[in-house]
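The same protein chain appears twice below, in two forms, each given on its own as structure tokens and labelled structure 1 and structure 2.
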Structure 1
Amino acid sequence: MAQKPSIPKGTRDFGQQEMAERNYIFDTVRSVFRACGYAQIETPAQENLSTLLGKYGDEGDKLLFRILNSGDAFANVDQSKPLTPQVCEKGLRYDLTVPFARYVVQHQNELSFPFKRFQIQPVWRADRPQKGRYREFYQCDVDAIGSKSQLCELELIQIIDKVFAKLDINVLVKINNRKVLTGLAEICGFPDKVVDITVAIDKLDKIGLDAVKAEMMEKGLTEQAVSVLEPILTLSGNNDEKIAAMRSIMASSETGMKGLDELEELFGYIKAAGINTATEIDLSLARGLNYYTGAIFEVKALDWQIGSICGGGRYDNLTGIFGLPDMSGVGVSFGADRIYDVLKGLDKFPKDLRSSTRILFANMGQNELLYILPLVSSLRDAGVSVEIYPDSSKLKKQFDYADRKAIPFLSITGENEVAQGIVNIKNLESGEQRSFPKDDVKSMIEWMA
């Protein structure tokens, strides 16, 4: 008995309709990236584990897909040493930022700084599959590296604003600063617990305040320390009010005050630039990745329940790990798969994506085929997507094919049309039909526009 075909959990097939919709997202994002002066690069699906490990924190390291060495990977294993490093030297990339940092260091002599790049490629995480969370998914990353100016942060927010306006998704941009989070660790008396605190805080939306407090105490914070943090995590008011309130709370932390200065500067830029998308300071926003050092961003869809659909932040030390210090960068990543789910759920994909074919020529016989073949070539040369039905089947079958593929126009050109030197074209939605001289390609295109 043949085995039933399947795919791994956390992955998906994409048919022609899904690919048309996904390409709509990619093309929209790519057009905004390019309009802002970012150039495209690509990096390999697999990286050396030495490149990936230690960049995402302990939780991130656990989610790396490791690749077994080729050949007999277990042939020369030393039983006295850990097994995994001996049999796995490579892994699938977890995100696009760390490979980008590796790329910058490796190609630094070829680049002009600030270097502005974007990547649209898949990444892999050994996560538990659930709604909106996949093991294989695409990211659309855009980064600027080689400048510490927060004008780079502003430009990323402008990109977010333009992308989601084009996609017609109503979003909220949440912004925080990792220096503020470091300041929180300092004022509660546990500066060495900043990673534990930020990892716990990052789960606030998912597990709630009580569970976050419990996790922080499990990590060694005292009840008193947690009580210092609690009012900060529940702080309300507008952005100016939040910054003012935090200044009085964090006066003893130089790092925290610097983070508040940066937030105030960035929101000043946002106001001056006339950003249409709603933006707010969220002091509970932590972003779990350890390499962030400054501003951090997260974008939420307001009309559809799902996790963040875009996020990122400033990183000052990432290239230093690979031997290139003092190279600050900032970037955001658009989660194409979650954006797809939002557009699908809100029914906001353009209707004309249903078919890539504009017109189908019915197959009426050999002589008729020879008659229309030059016209088909002319239409394709003019940029019109054209199909010829390959078999001389009953017209009903050919009509059904056009209907299933949502092809808007159908040409039935038979013996009489050949004799008259014309071509018939029918609008399958309205039912309107027109005849054109065979050589009048311009009029045909204008009518089908």
Structure 2
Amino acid sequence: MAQKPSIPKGTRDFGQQEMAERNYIFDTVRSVFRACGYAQIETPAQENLSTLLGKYGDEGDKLLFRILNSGDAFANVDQSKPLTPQVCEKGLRYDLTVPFARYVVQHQNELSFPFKRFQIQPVWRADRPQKGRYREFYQCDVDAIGSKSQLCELELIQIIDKVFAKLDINVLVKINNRKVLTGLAEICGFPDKVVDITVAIDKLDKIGLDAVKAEMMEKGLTEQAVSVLEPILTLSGNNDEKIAAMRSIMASSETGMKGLDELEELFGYIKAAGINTATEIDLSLARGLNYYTGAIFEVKALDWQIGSICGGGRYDNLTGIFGLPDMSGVGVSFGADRIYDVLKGLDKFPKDLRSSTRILFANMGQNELLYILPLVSSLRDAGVSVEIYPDSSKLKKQFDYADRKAIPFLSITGENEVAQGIVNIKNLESGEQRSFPKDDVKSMIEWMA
């Protein structure tokens, strides 16, 4: 009996239409990355588990896909010890950041720093599949490593601005700084409570000021500590005003003031560069808190309800674990699947993505084929995407093929046309039809443009 074919859960096939739409996203980010001088790299799907393990927390280690050693993996195993580490030495890439860090360390002598790279490749996670969460998905990462300049942060915001302008998605860029969060924890006397404080602040919109204060005290902050933070919770005004207000509160924290310096410098650049996208300080922004050391970014779509569609930040010691200390970097990752959902939801994909084929030549028989073959070659040479229906089937079937592939032009060139040395082309949308001398490729192209 024949097998019923299927694919592993959480994975996807992409057909013509989805590929065209996904390529539209990838091509857009790629063109913007290139316009800013970022170099594309690719790393292998498989990395040594020694590279991957311990980089994503215990939960991440569990979600790694492990590859069984090739040959007879179980030949010399010690049954009294855990088997997995004995039979698996490699795993599938879990994200693009750790492979990037590994790449930079491994190739440090070939690279010129600051090294600006982008990478668009799939990653794999053995997560429980659910709506919008897959076991294989693409990441689009762009990072600059080897400079502490806030110009790198600016450039990422310029990239975000340009990408979403090209995709016609209204977004808000939320900006935070890990050093400012450290400063908050320091000035209230609980330097080890950064995460608790940030998580509480994050709930301000939902649960209100009093509840946030109550939560902070539940987490062990004193009343006095909470009163120190209260002015931060009620910050208002534009970004400059917020920075100024925080300066007066945070003067006692050297780290906090450094963070405010960075924010101020960055917003100065943003103003000078003429960024159109709205940018906003958001102290509750806490993504990757154990990881980032400076700026933290998150991008929200304004007209479609969905999680962040792009995010990232600065990490001061990403490559340290691979033996290269003091390499500061900053990067963001574009979420292709969520961006896809936003474009679908807002119906913002360009309309002409559907078919790549411009004209179908119907198959009217052997003689007619020999007549049109040179023309088909000439049209393709001129950059027109052309198909010939391969079989001399009923015209209805050939029409249906053009229709299902959304091919806009059809040529039915039969024996009459061959006798007259002409070619008929029909615009399948308007119904309009025209005849051309067989060799007048130029006029045909103009008419189909």
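This is a predicted model, so every value here is computed, not measured. What we label the rigid core is the largest C-alpha set whose atoms superpose within 1.5 Å from one form to the other. The first residue in the sequence of structure 1 is number 1, and each one after it adds one.
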Form predicted alone - which displayed structure it is: 1
Core-superposed C-alpha of E215 shifting 2 Å or more between structures 1 and 2: yes
Per-residue C-alpha change between structures 1 and 2, E280, threshold 2 Å, rigid core fit: no
F190 C-alpha shift between structures 1 and 2 of 2 Å or more, rigid core reference: yes
For S80, CA displacement between structures 1 and 2 after the core is overlaid, in Å: 6.9
